[in-house]
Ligand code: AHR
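Okay, so here's just one chain, in structure tokens, the form predicted alone.
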């Protein structure tokens, strides 16, 4: 028997803008994310442009990737950028001590990253090395990338084939410095952050470099408070302290510990446990944002969730250091839940980066040789892309709870926005593994009369274990959703179990 729910939308009550960077991605020198997944060099058997896989670039352009974070991750705080510039045959080969102990030949470096950003037409988020690098090294990298003038680094860049500087939109000063980035105490890191950021100069004429400070892991509220206490003293004309953003990392571990659970083999209880842990993102953002509000009540500093996603035990038979995992409808629900949460918190969350883009953790794409597969998570990003730079609308949802007592979750989650053309976009997830829900949608009329126009819909729905493989790449795919019925002051529709829906409501 189907459940019931009521969604109320005020089409005239606009809230904060949903930054398009919320739909960002993360690419690290980890496993087959970069090499084989994105970059294939001169491989004649895989179509590419300047080494970047054409199929991957085309797929990523479809979901409008707005920003890409690189080179890490834990790899960032052992990455020395000069190893990755100049003639490839002369670049230093190193051991990737964090991920699999494999040889890193540095054939994908700074120039290659910006070529990828050019092909994707996305912004660049560079993560600098505070853990094992020097202040001088970081300062010179920023100069190499962004200075348009006469200097040693600008001259080196030109000698390496690039006369014009690139545009760097975001620069992270260290990564996970409470862990792999140096095992630092918050006060120590905060003082190091203050020192390093001083020499990350703003060379760009048309934009200011946005500096991202390493924030907490999960619920480490002590880290947030202590770092802000050291870094967020107002100075000059700036009310941002020494930062433009504070990062937050949170992964969904269904089981926790070293054995995180299979990506493809799980029962209904683990399904709800996973989704419950995805919903925990809302509490994390709320509580960290409350601390940020004490220092920054005007919300000028962004909370940047630059690593998020589901983390399972790697696929059997693969290198455990490569973090390769399959992707099912469970991951589609994790993505839909999380993006709805980010949308709802867009007054503070202004960038997020899914971990990771290709072949690692909750990837949107999987590759094997010349083959490529779009995962269920990819399709969620495809449906949710219409929220990018739209205005969040005031909405509320009355829905039942479902699942076992310990892991009870709401049957539905949602977010609603309106784009520049007046089209209202509703994204909704049904977390129930078994029950469809009849949804009554009411367009509230407090601020005037809103007349509904055409309603278009699309849906991602399947059995909870369903996945796309190289043998069956279209098992899970987006289809049209036509079960919308007009009603007084709104409309009705039924959202099936284990599904993600996007509705576009045209104004009359």
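Positions refer to the first chain, counted from 1. Bear in mind that the values here come from a model prediction, so they are computed numbers and not experimental data.
Only in words, not in the display: the form predicted together with alpha-L-arabinofuranose (AHR), which the text now covers.
- Put simply, residue 33 is far from alpha-L-arabinofuranose (AHR) in the model of the complex: not one heavy atom of it is within 4.5 Å.
- When alpha-L-arabinofuranose (AHR) is considered in the model of the complex, residue 176 lines it closely, a heavy atom lying within 4.5 Å.
- The closest heavy atom approach of residue 249 to alpha-L-arabinofuranose (AHR) in the model of the complex falls within 4.5 Å.
- Residue contact check for residue 324: none of its heavy atoms lie within 4.5 Å of alpha-L-arabinofuranose (AHR) in the model of the complex.
- Note that among 303 to 311, 363 to 371, 268 to 276, 207 to 215, the stretch whose heavy atoms approach alpha-L-arabinofuranose (AHR) to within 4.5 Å in the model of the complex is 303 to 311.
- Of the listed positions (193, 170, 378, 99), a single one reaches within 4.5 angstroms of alpha-L-arabinofuranose (AHR) by any non-hydrogen atom in the model of the complex, namely 99.
- For the residues 346, 124, 74, 393, the 4.5 Å heavy atom test against alpha-L-arabinofuranose (AHR) in the model of the complex is passed only by 74.
- Within 4.5 angstroms of alpha-L-arabinofuranose (AHR) in the model of the complex, the stretch 7 to 26 places a non-hydrogen atom from 26 alone.
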